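Form predicted on its own, single chain, as structure tokens, below.
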């Protein structure tokens, strides 16, 4: 929702979509007036195609769906649960597949992956595989959809305890929103995966107040 909120402050006409009508109603109630809502399940190819066709022409698309899983090791996660999680991959694929027919050529598509795609952590193998699969779409899609720009944002743990970060900042939704706007508004950026994770799992900071430098 932060991407929609920030976009409206910049004067954009914003449309949000979800497969859940109740989630849409809750989102609209908390967003500025003028944001439109459209219920559709973009994990289903036909619904994704209809959604984009009904909203065309579009300038920019940001795919932000979450899979809603906690720990997800490959040995412990059932194939059915893993397949359900990968519906997020297919949502991204459907958008990329149908977008060329409904977007302005100067537009952009931004996907959402996650830091575990390139920095795996034991116990989250399904998450890592999912995020990696989404990132694998970016560069070939940028070539094949050009001049439409294609990028991805790779967040760290939003709302979670910091995990060996380099920066004294725990991830927040607004961090992702600001980067999404940066990618949308910078016409020179494509075929790029941007880490917005404070250097998650690259450093030594524990996130504890005692570890912060004194002033």
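This one's a predicted model, so the numbers in the text were calculated from it and none came from an experiment. Numbering follows the first chain given and starts at 1. Under this definition, the rigid core comprises the largest set of C-alpha atoms superposing within 1.5 Å between the forms.
The form predicted in complex with a small molecule exists for this protein as well; it is not shown, and the discussion that follows is about that form.
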Assert contact_stretch over 142-150, 182-190, 38-46, 53-61 against the small molecule in the predicted bound form, heavy atom within 4.5 Å, equals 38-46
Could you check which residue among 31, 177, 65, 170 gets a heavy atom within 4.5 Å of the small molecule in the predicted bound form?
65
Contact assignment for the small molecule in the predicted bound form, among 137, 112, 102, 82, heavy atom within 4.5 Å
112
I'd like to check something about residue 155: if you look in the predicted bound form, is any of its heavy atoms closer than or equal to 4.5 Å to a heavy atom of the small molecule?
yes
If you check in the predicted bound form, is residue 19 within 4.5 Å of the small molecule, heavy atoms only?
yes
Should residue 206 be classed as touching the small molecule in the predicted bound form when contacts are defined as heavy atoms within 4.5 Å?
no
Does the small molecule come within 4.5 Å of any heavy atom of residue 91 in the predicted bound form?
yes
After the core is matched up, is the C-alpha of residue 188 off by 2 Å or more between the shown form and the other one?
no
Verify the C-alpha shift of residue 168 between the shown form and the other one: is it 2 Å or more after superposing the core?
no
